[in-house]
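Coming up is one lone chain in structure tokens, specifically the form predicted alone.
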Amino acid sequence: MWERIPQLIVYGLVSGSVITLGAVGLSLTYSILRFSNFAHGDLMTSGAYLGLGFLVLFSPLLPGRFGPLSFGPALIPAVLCAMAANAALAIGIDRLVYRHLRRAKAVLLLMASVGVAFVLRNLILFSAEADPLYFSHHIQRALRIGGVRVKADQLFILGVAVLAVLFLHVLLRYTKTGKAMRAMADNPELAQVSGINTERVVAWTWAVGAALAALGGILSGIENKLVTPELGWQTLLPLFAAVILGGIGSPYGAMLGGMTIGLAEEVSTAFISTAYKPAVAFGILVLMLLVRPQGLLGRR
């Protein structure tokens, strides 16, 4: 039992990376728009399917593989195009649905997001059907590092997640757009009075959140080798658990929460059945609400 822990930690770091990328976007949306977006998981699904579609498109133009990785150079433009397309999709949904509900109660926005989630999921089911689609059929050899088996794809996922987090940190801390996003998160009315174009900030929020969600969905597809229309729905509970654990509205808290939930879910399988992994995320969520409702890095 205990000898499995180092291996499960590796799986937890990979799973936590995917959860982190989704949770950060969810936290950004809440901090600026002040509602829980239940369609965020399905934005991960749409991003994964867009990535797979662009991968099929670019593969004949850029054949081959990157050494021990299960994919080749075609993945790079596929990921970038999928992130851009998913960002455009999220902005379009905002203009079509959420923009008309800006001043509505949070519960109405929440219900609207549930409707958007069902629409997105059924559009994916209609266009791609329910059968899983595969990112790769290549079988990887695992490297042994200190007695722990690690695949090249897993190292790639960890590296990309770290780069994405660093990019987000630079965006929020050192760019004019990031500072405007933080100002609006602190006080939307004061930000608007100060001359900040709030609609532009909202568009950037949707774009960044959806792009990271697409990246998370693609990395999940690479790790699992396949994607299904239920990907986002199955990931939604860990996403919310990560956001609440880290502190609602805190992107940095979402990063911490995402890694914690990923590690907790995977390490728990050394002691309980894998079928109970969602229960672990839910248990952490409830415990945090009882003990520290504002989260690890949240404000009172």
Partner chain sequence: MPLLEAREIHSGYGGMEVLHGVSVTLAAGELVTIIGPNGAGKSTLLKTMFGLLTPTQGTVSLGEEDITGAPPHRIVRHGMCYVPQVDNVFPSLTVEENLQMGAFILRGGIEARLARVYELFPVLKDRRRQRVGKMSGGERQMVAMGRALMLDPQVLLLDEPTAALAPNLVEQVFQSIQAIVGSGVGVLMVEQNARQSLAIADRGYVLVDGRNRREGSGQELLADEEIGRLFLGG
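From a predicted model like this one, the values you see are computed outputs, not experimental measurements. Residue numbers count along the first chain shown, from 1.
Omitted here: the form predicted in complex with its partner chain. The next part is about that form.
Candidate site formed by Arg173, Arg182 and Gln192: every one of these residues places a non-hydrogen atom within 4.5 angstroms of its partner chain in the predicted complex. Residue heavy atoms within 4.5 Å of its partner chain in the predicted complex occur in exactly one stretch of 192-200, 80-88, 151-159, 220-228, and that stretch is 192-200.
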